[in-house]
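We begin with a single chain expressed as structure tokens, specifically the form predicted alone.
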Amino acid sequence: MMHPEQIEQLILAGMACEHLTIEGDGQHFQAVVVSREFEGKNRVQRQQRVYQTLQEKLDSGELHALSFKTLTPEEWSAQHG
């Protein structure tokens, strides 16, 4: 079973984030990932980028249920004024 902190560490090790939150119960996780890397990318490309950071855990089945929002810093600012 994974913990939110472990997922956070994996994402941060694989990409630069301006903001990152992970919540979950050990089985299902929700994340908000804010990164400049998402600028100019569509939703699918953004999700693929996050999945790259977690691929090993996804392939092993250790992590299997993750939903997330991917935002640029500008989109994040617009939502959180």
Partner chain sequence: MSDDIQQRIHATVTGNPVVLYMKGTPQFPQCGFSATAVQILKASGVASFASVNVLDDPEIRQGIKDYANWPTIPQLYIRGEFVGGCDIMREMYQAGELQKLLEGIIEA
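The structure presented is a predicted model; accordingly, all values stated were derived computationally and were not measured. Positions refer to the first chain, counted from 1.
The same protein has a further form, the form predicted together with its partner chain, not shown here; the description that follows concerns it.
Not displayed here, its partner chain is kept clear of M15 by more than 4.5 Å at the level of heavy atoms in the predicted complex.
Contact between H19 and its partner chain in the predicted complex is not found at the 4.5 Å heavy atom cutoff. Although the partner is absent here, L66 lies within 4.5 Å of its partner chain in the predicted complex, judged by heavy atoms.
Although the partner is absent here, R43 is a contact residue: one of its heavy atoms lies within 4.5 angstroms of its partner chain in the predicted complex. Of the residues in 14 to 53, those that come within 4.5 Å of its partner chain in the predicted complex through at least one heavy atom are, in sequence order, H28, R43, V44, Q47, Q48, Y51.
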